[in-house]
Structure formats: C-alpha cells, structure tokens
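Single chain ahead, by itself, as structure tokens, in the form predicted alone.
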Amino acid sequence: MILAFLILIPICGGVLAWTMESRHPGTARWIALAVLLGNLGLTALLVPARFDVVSAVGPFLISLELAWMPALGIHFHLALDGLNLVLVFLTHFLGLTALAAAWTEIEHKIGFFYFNLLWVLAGIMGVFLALDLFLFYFFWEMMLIPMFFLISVFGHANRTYASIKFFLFTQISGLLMLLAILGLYFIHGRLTGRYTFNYLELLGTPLSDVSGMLLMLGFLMAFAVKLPAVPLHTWLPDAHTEAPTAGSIILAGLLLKTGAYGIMRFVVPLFPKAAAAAAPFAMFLAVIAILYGALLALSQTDFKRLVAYTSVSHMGFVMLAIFAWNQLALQGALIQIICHGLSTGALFFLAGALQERLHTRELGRMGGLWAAAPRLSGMALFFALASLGLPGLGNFIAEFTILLGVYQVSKPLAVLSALGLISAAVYSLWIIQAAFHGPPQPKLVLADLSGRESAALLAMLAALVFLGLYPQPVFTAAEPALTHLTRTAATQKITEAVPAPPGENPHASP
C-alpha cells in the first residue's frame, strides 16, 4: 500500500493545510513540509537491494492492483520499477524545493496555495505510477486543475491569459489522448473478448497501420504538448513567466517530464510500428526544438522567459533520444530529465528570488549584482554552467550520452543537435553577464541568499555534481526497465525508420 500512500498522503495533506490555515495561520507551510518529508521517507523504503530481476510482465519491483470498476475493466493499478522510482524521488526533491521558494513569496490565500501544490504533486506521482490507462488519464487531468489555480490565482500581471492558454492546450490535447485510450480499449476488446485498460494486457494489441497511427498520434499529441515539442510549445513561456516561483519549478522540473515519461512508457511500447514510421519526423522536430528554443532564448530580456525557452531546447534532446530508441540514448534521456529539472528549477528559483528583491525580471534593469549578493551570484553562475553542459556536471553526462546514442542512428541529426550546445553556452553566459557583471545599478541594495534559500540550492548543486561524477546508480536502477521497454517495441525497431548513410549500421549496440 506504500504506492497508494504516496498519492493519498499529499491529497489528505493538501486538504488539511487548506482547512487548518484559517484556524492557525502559518501552519499550512509546516503541514506541506511534513507531508513531503514523510513521502520522501516512504519512497526511500522502496529502494530494493537489486534492480536486475525482470519478470515476464516487466521489471516492476512492487505493484498494487485493486478492483475499481471491474465490469468496465478499470482497476486501481500502480506499479514501480527503476524508471519511475527515479522520477518519484525527483518529484519529492523538487516539491521540497518549490516549498522553499514559496515559503515567504506567497502571502495571501496561503492554505489554498499549499492545497494546490500538494495536489499537483499527487497527480504527478499518479501519472508516474499508474499502469491502468483510465487511472493514468485520471491523474493526467488531476495535474491540470491545481496547476491552473497556481498560475491564475498566485501568478503575476498576465496570469489570467497565461493560465487559460495553459488550460486550453493541455485540456484539448488530453481529450485527444482519451479518445485514443478508448479506441485502444474497444479494439483490444473486439479482438480478444476482454475489455480492459490494463497497460500490460494492451501491449502487443494487433492494429492496422491506419488505426495504429491514429491512436499513436492521440497519445503523442498530449505528451508533445506537455514536453513541449515545437510547434506545440507556445503555452510554456507565458505560463512560466506568469507563474509564481514554485509553479515555475514544478512546471519545468516535473510537468514537462510527464510528457517525456508518457512517450517512453506508452507511445513507443503500445504502438511500435506507428512510432517507427513517425520517428524520422519526430526526430526532425526535436532538432528544430533544440535550435529554435536556443535561438529564442538568446533574444529574451525577461529572466524567466529566457529560462523558459531554454527548456524547449533542452527537452528537444529528450525527445530526440526517445525516438532514437536505443539503450544509450534512453539512459541519456533519463539523466537529462533529472538534471534539467534540477538546473532549470534552480534558475527559476533564483529568478524568483531576484524578482522578490528587485521587483523586476528584466535583465536590462539588473547588472552589477555580484558585489551586492555574492552567494546568489555564485549560485547563478554554477547553475548557468550546469545548463550549458559543463563537464563534471550531470547535464554534460546527459547530453553527451544522448548524442552518442543518436549518432548510432543518424549522424546528421547528431551533428545538428550538437549545435544547440554552442547556443546554450551563449545564452547561459549572457544571463551571468547581463545580471551579475558590469556596473551596478545606482543605490542598489540587495539582500543575499537566506539560509533556507542556500540550503535548497546547495542540495540541487550537490545532486548535479554527484550525477556528473557518478551517474551509475541511476543507470543501474533504470537499466532493467529501459531494457524491457526496448524489447517490448522490438517487433518494429524505431531505428529502422531512420535513414542512415550507406555502409552504416544504425542498429549498432551501444
């Protein structure tokens, strides 16, 4: 029942925080902190001694299946393997970071804020753990409402526009996924006589070329919007810019990752043939996202908007790696998911800290901040270097591994995507130059990082250094799950759909 508790505790904790705040002001923060620390402790109990046991149904370490609506083939089915174990840890880690960012920033409707924060984290954990497609869709939609309120109620000047745009993009694409889920449900039922939403039973459902492609696109649209993939990314900069700091951390660090997880877990294994046919186009779009996101980041003057466009570029690497679909590329994608969440989440944390102190996000109104706040400036330099992929940090391991995996599939795409690393160096260093160097603003008084802020950022710094120097624990944990996913889609390898120059073997082993 630990898997169920990981979701139920934040749900109950959110309700408790909302109700207790009106009676005892200030308690909502401490309730949220206790909930996230307790959940992190529960997750630690799930770390097994071995990850290399792969059963016939996959490398699931623990599972929970309860009848919900058995007449309709709907079960409350949660399962944990090395892949989503890593993501559940990331969810709690960034949840605590968001809590640290919001501790003094949120001053009105505090109980309602922490209610929404805990509920969106519960929805994200449900997405990572659900193996029943109806339950997965339930949690997918559950993420939407609390994030909408985090932006629309607690955001900045244009929060109404940004929240409605976010809602429309995610809701419409989510409805397309629901239609695809129902289509797969009925096709499988007609063919086998068993109507079910069980992911493990739906794997391998025979589909015609047309139906397979249509159903795959229904899933892919929902995940591509969340990722976000170009040209479905336009909601992201507005949402990031107007969201409170905690909302931006959750958006960048976790909500985008649900899109990547969905493609890895559902799109390719459920529809291997259709995914193979779509792989060249998807990889081409991923390269466009890498370069286009970097180019747009270079033209921004708003700190948060600049960091938002870097997410488009970095998540392009994840999409490229997933559709390359070999073990090396998928390992790189997982490290990128983690490290992007840490580095970009930290940059949003710092952008929020600057806005709280200076009441602006405009880089043109900053400058010379290093002398006034050396700890804050040093942290910004570290996470900017992490974002550009400095060797010795986790982002470098991620992008280097992705490029190695993609190179085995398509050399031209690997070379083009590598250009994004050059752009990353330019925009990352531009942030530091514009905000922290140069002559200081007249009469500038800037408080440096507090102990709470320093502790949160130091934890993220330590994680990035650890993953940069010793990523093997993550590789070891996720390897059986990734191996099972690649074998599940072995009926039609993704790499067969990607053209390679004459004489090259696109299926060479990593």
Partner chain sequence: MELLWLIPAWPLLGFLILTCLAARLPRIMAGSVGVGSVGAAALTALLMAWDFLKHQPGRNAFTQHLWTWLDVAGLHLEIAFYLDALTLVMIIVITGVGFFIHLYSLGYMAHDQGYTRFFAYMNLFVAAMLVLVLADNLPLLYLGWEGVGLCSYLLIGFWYTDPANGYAARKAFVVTRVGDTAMAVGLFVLYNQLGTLQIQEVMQRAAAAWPAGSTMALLTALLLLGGAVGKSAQLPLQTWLPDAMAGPTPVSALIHAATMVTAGVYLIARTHGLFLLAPTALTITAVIGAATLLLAGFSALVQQDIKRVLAYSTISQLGYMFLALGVGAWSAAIFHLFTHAFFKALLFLGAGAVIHALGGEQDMSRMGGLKQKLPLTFWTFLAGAASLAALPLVTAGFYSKDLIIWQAFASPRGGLGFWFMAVAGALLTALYTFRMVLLTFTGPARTPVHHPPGLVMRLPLLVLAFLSLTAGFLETPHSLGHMRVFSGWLHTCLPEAGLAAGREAYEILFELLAGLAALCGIFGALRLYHPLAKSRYSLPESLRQYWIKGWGFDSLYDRLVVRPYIHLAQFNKNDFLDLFFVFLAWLAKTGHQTLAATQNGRLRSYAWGLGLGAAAIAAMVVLL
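Residue numbers count along the first chain shown, from 1. The model shown is predicted, which means the values in this text are computed figures rather than measured ones.
This next part talks about the form predicted together with its partner chain, which is not shown.
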{"item": "Heavy atom within 4.5 Å of its partner chain in the predicted bound form - residue from G364, P206, G193, P439", "value": "P439"}
{"item": "Option touching its partner chain, based on a heavy atom within 4.5 Å in the predicted bound form, out of L421, A277, L90, L358", "value": "L421"}
{"item": "In the predicted bound form, segment of 196-204, 265-273, 340-348, 290-298 with a heavy atom within 4.5 Å of its partner chain", "value": "290-298"}
{"item": "Contact test in the predicted bound form: L469 vs its partner chain, heavy atoms, 4.5 Å", "value": "yes"}
{"item": "In the predicted bound form, G389 touching its partner chain (heavy atom, 4.5 Å)", "value": "yes"}
{"item": "is_contact(Q331, its partner chain) in the predicted bound form, heavy atom dist at most 4.5 Å", "value": "yes"}
{"item": "Contact flag, I145 vs its partner chain in the predicted bound form, heavy atom cut 4.5 Å", "value": "no"}
{"item": "All of V230, L403 and Q433 with a heavy atom within 4.5 Å of its partner chain in the predicted bound form", "value": "yes"}
